[in-house]
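In structure tokens, the next block holds one chain alone, the form predicted alone.
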């Protein structure tokens, strides 16, 4: 993974949301933390082009997220805070297969890859289930499978344990820990990211801490006053 921000800033409606930022990301597990409205989600969405920079450039494995938008998008999958918002089809198997169909793969290849990703995440038994019948943790796994079946090397997750009970939180946490892909996690769930390789702390649109998880989490507590 090679993600580079060069003098990147973001503004919405004339308001600066992210101050100019230059950095590179190469670590396997990266956490992004900060208070609500700090700019952390905006930063993460720049990586696969969901947000466009007002100034500067973002590249993902050498691909510019503006000029090479489609190719850059294929490099980094994104799981929204509410994964149900990105699940399109009513049945788990159909939703996982949807992205492969859009790429024009043959039916037997679609079936092979869909079955493989279901097995990878231990959710083969959910293949014929309706999405609205899934638990919160199962929905997260189905969304992760639907994104990773197309082969991105980077996965970005926005608050993946938000509003999950203890059992489902553990399920999602173990899944994230076992991913082969480079993983970037936005989270208020500090124990989730405390063993990550690198943690970035945003505050009021600025990156104010960047380094070891322990140090960035300590700085977060200082900002939050707790």
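Numbering follows the first chain given and starts at 1. Bear in mind the structure is a predicted one, so any value in this text is a computation, not a measurement.
There is another form of this protein, the form predicted together with a small molecule, and it is not shown here; the text below is about that form.
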| item | value |
| --- | --- |
| Check all three, 15, 41 and 81, heavy atom within 4.5 Å of the small molecule in the predicted complex | yes |
| Answer range among 31 to 39, 56 to 64, 193 to 201, 174 to 182 for contact with the small molecule, defined in the predicted complex as heavy atoms within 4.5 Å | 31 to 39 |
| Residue 159 within 4.5 Å of the small molecule in the predicted complex, heavy atoms | yes |
| Heavy atom of residue 188 within 4.5 Å of the small molecule in the predicted complex | yes |
